[in-house]
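Shown below, as structure tokens, is a lone chain in the form predicted on its own; questions about how it binds or moves come after it.
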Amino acid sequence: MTITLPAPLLTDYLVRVYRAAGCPEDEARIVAEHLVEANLKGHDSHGVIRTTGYLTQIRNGVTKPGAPTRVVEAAPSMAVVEGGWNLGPVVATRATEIAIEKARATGMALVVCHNTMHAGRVGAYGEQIVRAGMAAIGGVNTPGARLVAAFGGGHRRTGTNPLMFAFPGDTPETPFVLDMATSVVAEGKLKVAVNKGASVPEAWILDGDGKPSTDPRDFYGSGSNAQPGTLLPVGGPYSGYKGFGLNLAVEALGGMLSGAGTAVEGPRGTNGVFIMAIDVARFTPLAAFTGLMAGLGAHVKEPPYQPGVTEVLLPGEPERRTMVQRLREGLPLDDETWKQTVEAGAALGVAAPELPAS
């Protein structure tokens, strides 16, 4: 079963929840808007479902709301940011602002972050950079966390290590945004499947014995096999070495370069972040760049298509279509995710909003 909520109502509720958890008003809004936008764009794995985990880390003193974002090393086109163990969307949003400011001055800038909690949907930071008329490259690793098998391996070795590319499109509303886990799916999609009581495709996970499974609980060791399983790298049994290689590249840029640590070491539940902003106009006129993007998009969309396919979609298009629909019809949440969120809010003295009549 699902419930459907208007995005503004859910955002306001989450702002109140995070304020009650100790976040300053501006930080509470950054986090709430980040999570709700993830749901609006169809990335439920990085949306409201994350709230219970975030609040648990705050309650346990692991996450420190209000901690300053400090630049500990800087040059004209780079910065190293220390996040103070604040909520990841807060730190990454501020780091992205720094990258944009430096790229305006120098043409391009790379900012890396450590001591940062879960950064959420990486595509959001690419979109933030694109709104400034720039291109973006970024990603995050997860120090000390092991969720994904090596290509050919049967047990957890690295994080899901998402990678992002974002470019201005022919209109401000149509950017190119590629935001992908280097595992076959993000781990949060397994959380969503567990909450919904749904199975997953066989190519997603192995159980604790290294055997293919369609039960998402087998990943967590809460299914028929008590040993935790593993996600597989993107690319499948024949091309998974490509996803595995990208996964390790994100370990280098997100974990090693930032000082956050790799899957071998580092504080679990955190992210090492790298964000690059590129001022397109320093290289070529922005209008020329976006015109070429439009022409390339039209080119790859041309028929004929494979059987059963009616159109080709560019990275970012599915998210925009989902967002239009969910803004119009409401944002769907499964009952279990909503129940967990409401219980977490109630523990902080925040009453759930009154749901609109269906």
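Predicted model only: the values in this text are computed from it and were never measured. For the two forms, the rigid core is made up of the largest set of C-alpha atoms that agree within 1.5 Å on superposition. Position 1 is the first residue in the sequence shown; the rest follow in order.
What comes next is about the form predicted in complex with another copy of the chain, which does not appear here.
Answer option from 221, 210, 172, 197, heavy atom within 4.5 Å of another copy of the chain in the model of the complex | When another copy of the chain is considered in the model of the complex, the option within 4.5 Å is 210.
Listed residue (217, 146, 94, 118) with a non-hydrogen atom within 4.5 angstroms of another copy of the chain in the model of the complex | If I apply the 4.5 Å criterion carefully, the residue I get is 146.
Looking at the partner-bound form in the model of the complex, is residue 131 within 4.5 Å of another copy of the chain by any heavy atom?
-> Outside the cut-off, so no.
Evaluate residue 142 for contact with another copy of the chain in the model of the complex, applying a 4.5 angstroms cut-off between non-hydrogen atoms, and reply yes or no.
-> Residue-level check for residue 142: no, no contact with another copy of the chain.
Is there any non-hydrogen atom of residue 293 lying within 4.5 Å of another copy of the chain in the model of the complex?
-> It does: once another copy of the chain is placed as it appears in the model of the complex, residue 293 has a heavy atom within 4.5 Å of it.
Hey, in the model of the complex, does residue 67 get a heavy atom within 4.5 angstroms of another copy of the chain?
-> No - in the model of the complex, heavy atoms of residue 67 and another copy of the chain never come within 4.5 Å of each other.
Decide yes or no: are 3, 13 and 337 jointly within 4.5 Å of another copy of the chain in the model of the complex, with each residue judged by its heavy atoms?
-> Judged in the model of the complex, none of 3, 13 and 337 sits within 4.5 Å of another copy of the chain.
Does anything in 215 to 249 come within 4.5 Å of another copy of the chain in the model of the complex by heavy atoms, and if so which residues, in order?
-> In sequence order, 232, 234, 235, 238, 239, 241, 242, 244, 245, 246, 248, 249 come within 4.5 Å of the partner.
Using the core for the fit, does the CA position of residue 240 change by 2 Å or more between the shown form and the other one?
-> Yes, shifts by 2 Å or more.
Exceeds or equals 2 Å, Cα of residue 279 between the shown form and the other one, core fit | Where the cores coincide, residue 279 shows only a C-alpha shift between the shown form and the other one that is less than 2 Å.
Using a superposition on the rigid core, decide whether the Cα position of residue 185 changes by 2 angstroms or more between the shown form and the other one.
-> Superposed on the core, residue 185 moves its C-alpha 2 Å or more between the shown form and the other one.
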